[in-house]
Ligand code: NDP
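Listed next as structure tokens is one chain, alone, in the form predicted alone.
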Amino acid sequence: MNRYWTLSGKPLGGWPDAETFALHEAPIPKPGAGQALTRTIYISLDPYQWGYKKRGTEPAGVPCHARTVSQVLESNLDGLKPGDYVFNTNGWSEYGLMGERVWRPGYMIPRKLDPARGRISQAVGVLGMLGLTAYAGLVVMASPKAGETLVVSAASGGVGQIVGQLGKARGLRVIGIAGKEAKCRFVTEELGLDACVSHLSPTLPEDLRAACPNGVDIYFENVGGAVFDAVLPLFNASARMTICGLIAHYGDAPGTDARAALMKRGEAIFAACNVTVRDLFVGDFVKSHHDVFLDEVAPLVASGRIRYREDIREGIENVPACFSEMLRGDNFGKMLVQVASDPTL
């Protein structure tokens, strides 16, 4: 049998709770012509998924969207055989089909994975869409120059970890913003960022100003809210801001336009300092930059020059609880749920 989670049909608002999702059992699907059956190993849990659900993209009865790492069990697809590993979108499900005539909300083109290039779990992290997100938002969109100051919020999270280290590799002074003291220590001591301030501090604006004596040239936005307000007065002339996420607002009431409110708060300073603000949609960069990104970042990860922390939990039955923890910021590193054994370990 295949176990999978769907939205329960309860109206969505604020943050998810125990009644938001429903667990189902059904026979394992059979692959047809041009399809492959895969068993999920790792489910990626990311903040964007809550906004995705609240927008009504996922109807009740459809497995909740998530990117996954899976192993092929049966294949009627050219180029794939049983035992191969793939990046795909099985969602919150133990099994799933990929290939022709397979579509679900958030479906992404699957790709075969080479375990020799890195741990397969990293295909939904540092060597996958999160890594490409960091690369595109910083390297491609913000055009960093050595000596500039970069601030990255959620600096210990899945994307933030990579942004900060890519910035250091390009000669930037990099300041992280994280939460608990252990996360701030991780950002400086293990990731090598120049400083890290806590968004939990009652003196966040003063702490950040002290860490950025020469102002801010690039801001990689993952949070919004009070964190954005602390960065705003520090922008230098011709600064660049990449909006990747606004996790502080994912619990806002449906229909709230958090980005519009943020832009309104920043309007005067953006104009005075000629700040370029760009929204990041990683799908825009898959065809044009994925291979370039992987060729650069995979060797850095393999050599240890880029470090990456994963927070791996276990059990399909625990996915909703882990999802809520991640949204609260109670995870430490990239949140994954392992739902089957990983034969590569």
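Just so you know, these numbers come straight off a predicted model, no measurement behind them. Quick note: we count residues from 1 along the sequence shown, nothing fancier.
What follows is about the form predicted together with this ligand, which we do not show.
Chemist: Which is the contacting stretch out of 84-92, 262-270, 209-217, 245-253, given heavy atoms within 4.5 Å of this ligand in the model of the complex?
Modeler: That would be stretch 245-253.
Chemist: So this ligand isn't shown here. In the model of the complex, which residue out of 234, 227, 172, 241 has a non-hydrogen atom within 4.5 Å of it?
Modeler: Going through each option in turn, the one that passes is 227.
Chemist: So which of 223, 191, 113, 72 gets a non-hydrogen atom within 4.5 Å of this ligand in the model of the complex?
Modeler: The residue in contact is 223.
Chemist: Looking at this ligand in the model of the complex, do all three of 63, 96 and 98 come within 4.5 Å of it through at least one heavy atom?
Modeler: Looking in the model of the complex, the three residues 63, 96 and 98 all stay beyond 4.5 Å of this ligand (heavy atoms).
Chemist: Flag residue 306 as yes or no: does it have a non-hydrogen atom within 4.5 angstroms of any non-hydrogen atom of this ligand in the model of the complex?
Modeler: Looking in the model of the complex, residue contacts with this ligand do not include residue 306, since no heavy atom lies within 4.5 Å.
Chemist: Is residue 20 near this ligand? Define near as a heavy atom within 4.5 Å, in the model of the complex.
Modeler: No, residue 20 sits far enough from this ligand in the model of the complex that none of its heavy atoms falls within 4.5 Å.
Chemist: Is residue 47 one of the residues lying within 4.5 Å of this ligand in the model of the complex, judged by heavy atom distances?
Modeler: Answer yes; at least one heavy atom of residue 47 falls within 4.5 Å of this ligand in the model of the complex.
Chemist: Heavy atom to heavy atom, is residue 150 within 4.5 Å of this ligand in the model of the complex?
Modeler: No, residue 150 stays farther than 4.5 Å from this ligand in the model of the complex.
Chemist: For 264-282: residues with a non-hydrogen atom within 4.5 angstroms of this ligand in the model of the complex?
Modeler: 280, 281, 282, in sequence order.
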